[in-house]
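Below sits a lone chain in structure tokens, taken as the form predicted alone.
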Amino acid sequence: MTERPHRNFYGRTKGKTLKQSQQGYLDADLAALSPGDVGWDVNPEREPIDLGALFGGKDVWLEVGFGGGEHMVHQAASNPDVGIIGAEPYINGVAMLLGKIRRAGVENVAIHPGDARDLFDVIPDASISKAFLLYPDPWPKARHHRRRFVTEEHLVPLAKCLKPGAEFRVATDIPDYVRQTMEEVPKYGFTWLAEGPSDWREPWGDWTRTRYEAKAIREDRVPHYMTFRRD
């Protein structure tokens, strides 16, 4: 048996009491959409997930921290030839995503309701074609910047999971998160693809606005859209 590494987790896993309908989505739908071999209790040796079996041989994309699931469902509906895995430890967001999946009728999705680092353990090397990090927790205090996703602890295993040439998209409205992203991501096998200001000021052509972006714009914060290539 492989010993589970100690990993600090600082975010929330649950917020306000779930609506009865949301609890119903969790009870009825989550198990069928969760890759069962992610958990340490059932896969202590961290054997890789069989993504071919999970998605029928489709290209696989990954969204880290899908929030309320708007973007993930949009991409799944727009790209039925792709399988999308979402990782999100906040169970209220998972419940919201499940409701959106029902309403959209998408079937090319899987959900890891937990820490993305546990998912990285079991994603096969060089198997993900595209990854998204959209409006991650900003951890604004300087002493908390090490908790951000754009650190070695997260970027090294993410890079391992991505295919050469895979795209990694990051969106944030926090200027200092932009700074840290631009400083850290290229250290771990990524190249920033911007050729001009519009490449980080304007959203991607297949973008859909999330609740977090809508809030940022209401509060006069400026979104940034950064695209990297896995070298």
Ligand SMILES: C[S@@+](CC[C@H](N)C(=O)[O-])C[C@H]1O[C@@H](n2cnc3c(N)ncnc32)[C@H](O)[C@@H]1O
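Computed from a predicted structure; not experimentally measured. Residue numbers here begin at 1 and follow the sequence given.
Keep in mind that the form predicted together with this ligand is missing from the display, and what follows is about it.
Visitor: Is there a non-hydrogen atom of Pro89 within 4.5 angstroms of a non-hydrogen atom of this ligand in the predicted bound form?
Guide: Yes.
Visitor: Is Gly114 one of the residues lying within 4.5 Å of this ligand in the predicted bound form, judged by heavy atom distances?
Guide: Because a heavy atom of Gly114 falls inside 4.5 Å of this ligand in the predicted bound form, the answer is yes.
Visitor: With the partner left out of view, is Phe66 within 4.5 angstroms of this ligand in the predicted bound form by any non-hydrogen atom?
Guide: Phe66: contacts this ligand in the predicted bound form.
Visitor: Could you tell me if Leu134 has a non-hydrogen atom within 4.5 Å of this ligand in the predicted bound form?
Guide: Yes, contact at 4.5 Å.
Visitor: Within 4.5 Å of this ligand in the predicted bound form, counting heavy atoms only, one of 24-32, 58-66, 195-203, 174-182 shows up; tell me which.
Guide: Looking at the other structure, the answer is 58-66.
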